[in-house]
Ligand code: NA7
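In the form predicted alone, a lone chain appears below as structure tokens.
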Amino acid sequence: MNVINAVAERPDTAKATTYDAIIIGAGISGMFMLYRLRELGMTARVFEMGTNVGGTWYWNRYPGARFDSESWTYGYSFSKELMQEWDWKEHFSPQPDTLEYLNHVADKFDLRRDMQFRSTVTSAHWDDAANQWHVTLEGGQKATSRFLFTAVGILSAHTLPAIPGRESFQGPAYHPARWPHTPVDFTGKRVGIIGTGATAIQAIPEIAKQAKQLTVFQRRPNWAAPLHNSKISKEEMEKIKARYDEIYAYCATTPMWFIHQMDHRKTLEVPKEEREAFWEKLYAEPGFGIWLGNFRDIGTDEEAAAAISEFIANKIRQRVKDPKVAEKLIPKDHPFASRRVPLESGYFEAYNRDNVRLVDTLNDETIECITPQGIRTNKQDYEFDILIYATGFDGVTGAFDRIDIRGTNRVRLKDAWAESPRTYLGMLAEGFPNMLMVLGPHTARGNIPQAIEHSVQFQTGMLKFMQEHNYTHVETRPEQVDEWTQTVIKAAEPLLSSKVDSWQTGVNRNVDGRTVRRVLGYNGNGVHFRRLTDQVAKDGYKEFSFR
């Protein structure tokens, strides 16, 4: 990996270069899109704000960061040679290994020669007359392209807490998504962390092992289940490689591209003893089985959700020694599986340590401000050497909102999506020609790399169709956007998750205007989504307008 060259590459603000395609982002989406566009003979340029490839796995270097989906289903599947030459070291890969893998992919396919790093896209404006996009980078560099691909990620727009005095703290302060590239030493330090979401659930057990004192400020607790990670031996890896075709074929039959398939029984139809035994089995197994391999109605039926929630609550009570602390860690405002379930390694046991303290900011103490020395609540001052803001992301649409994207008649995408996104298949937005989104709002997600591969394959398949018919312009049809938007809304209606505030429903109280729930993803069966997109391609993309 030639990191020095990747870091050293600088934008040349004197040039305005034209490409067939511009890709925003050099993560898993942008890398694969570039690979496929090259196959079509297109000139493409990737603009990436970081200093190297990796996306999520470049930015999120916090302690404990790792996959929560099985490593051997997470990698790219487009290259048999790549699959056979790469050995995953753990069933749930840690961030450094994942970043090493993505650098290996970039090296293998020589992707960096078409990438420009330290290059933040600030605006992208559609030019109707010229039938092209005008892209401007921070610093003034300009580029134009026929097509614009957004590979910005669904969780890339991190948010800091809306707490007065945040800039006054005199010690180092970090957001997990902007973690230093060199390890942070917590030895002998007094550490405060705000938030108990998915990143905090991974980081807290690791930080607690080093810190002199770790104080966790929790607004609302999250459900979590054991990851049960383990190493992969050489022999086991060889067996996995021999089964890759079978593994990926099976994932394509599951609703979210994972190895887990919902149990077709309903929760309360199963006798209590049998139900409890089934849950004990799932709780002891690695991965998302307790969420995605559970009874089919835990995400839609309130009684079923209450039953599994009580089972998980009792597990927390068993694992946390102090009953009062245990109760604070049990969510009361949403049932289990109504948010994406974080997987943890010793998270609840961390609160049994003498050096870990939990502060309930919803019921016991309220944070008033950040001070030069730490955090002030309505009851006391806390002094810290290091602060961590595990305050999440402006999910799905946040990364789009941070770029001044303007389509036909100079309409801003942020304004067009103010109440709710409007797309067809989550891939093209109404009124924004030739802008294709990898994992845009209202697309099917789940196991992210597999969802990405599907999206990229569909989009580049459509580009090939355009090349064959000499088309240079593609838009969504308004009636298709209306129909798809209603499909997405209807799919979300029966889900308990739609009644819960989370990044998946567009709520983030650290962002102005993010207090109203919106439907941001397609929550129907991913198998149906894949079948629909395959049929659209087979029938010649009639749902789109070309010229």
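Each residue number is its position in the shown sequence, starting from 1. Remember, predicted model here, so these are calculated numbers, not experimental data.
One more form of this protein exists, namely the form predicted in complex with the named molecule; it is left out here, but the text below deals with it.
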| query | finding |
| --- | --- |
| One residue of 429, 214, 370, 390 in contact with the named molecule, assessed in the model of the complex (non-hydrogen atom, 4.5 angstroms) | 390 |
| Listed residue (196, 71, 132, 450) with a non-hydrogen atom within 4.5 angstroms of the named molecule in the model of the complex | 196 |
| In the model of the complex, segment of 140 to 148, 105 to 113, 334 to 342, 91 to 99 with a heavy atom within 4.5 Å of the named molecule | 334 to 342 |
| Heavy atom distance at most 4.5 Å to the named molecule in the model of the complex, all of 229, 256 and 292 | no |
| Any non-hydrogen atom of residue 67 within 4.5 angstroms of the named molecule in the model of the complex | no |
| The named molecule contact in the model of the complex: residue 47, any heavy atom under 4.5 Å | no |
| 4.5 Å heavy atom contact, residue 510 and the named molecule in the model of the complex | yes |
| Residue 59, heavy atom within 4.5 angstroms of the named molecule in the model of the complex | no |
| Residues within stretch 151 to 180 having a non-hydrogen atom within 4.5 Å of the named molecule in the model of the complex | 155, 161, 162, 163 |
